[in-house]
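First, one chain by itself in structure tokens, the form predicted on its own.
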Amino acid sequence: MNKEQTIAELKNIVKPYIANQEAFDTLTEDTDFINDLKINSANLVDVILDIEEKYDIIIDNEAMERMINVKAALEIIETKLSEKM
């Protein structure tokens, strides 16, 4: 799985929770889930649960606390997927 594909999948996961369409339309690795996309903390938990379900991974509390932007999410997803192999 390449980074662009993962970003596209991540966009589909976060789309129902965003409150800033403009930031979503220009989403990059540096996009912050809370500050840029205006996803509230309760919905961020939903995003994490959706990521776990999509990729069949478990995101522990430490990784959850680091998952504040797209880049961190990509790194965590990649790490968790590699641990499954």
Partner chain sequence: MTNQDILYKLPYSKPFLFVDEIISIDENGVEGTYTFDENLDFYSGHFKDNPVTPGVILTEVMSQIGLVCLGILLLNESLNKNIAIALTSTDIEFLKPVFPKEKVTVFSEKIYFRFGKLKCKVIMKNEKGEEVCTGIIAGMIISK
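A quick note: this is a predicted structure, and the numbers were derived from the prediction, not measured. Residue numbers count along the first chain shown, from 1.
Absent from the display: the form predicted together with the partner chain. The rest refers to it.
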Taking 4.5 angstroms as the cut-off for heavy atoms, does Ile59 touch the partner chain in the model of the complex?
yes
Is Glu52 close enough to touch the partner chain in the model of the complex, meaning at least one heavy atom pair within 4.5 Å?
yes
Is Ile48 close enough to the partner chain in the model of the complex to count, meaning some heavy atom within 4.5 Å?
yes
Check whether Met64 has any heavy atom within 4.5 Å of a heavy atom of the partner chain in the model of the complex, and answer yes or no.
yes
If we check the partner chain in the model of the complex, which of the residues in 18 to 43 reach within 4.5 angstroms of it by a non-hydrogen atom?
Ser41, Ala42, Asn43
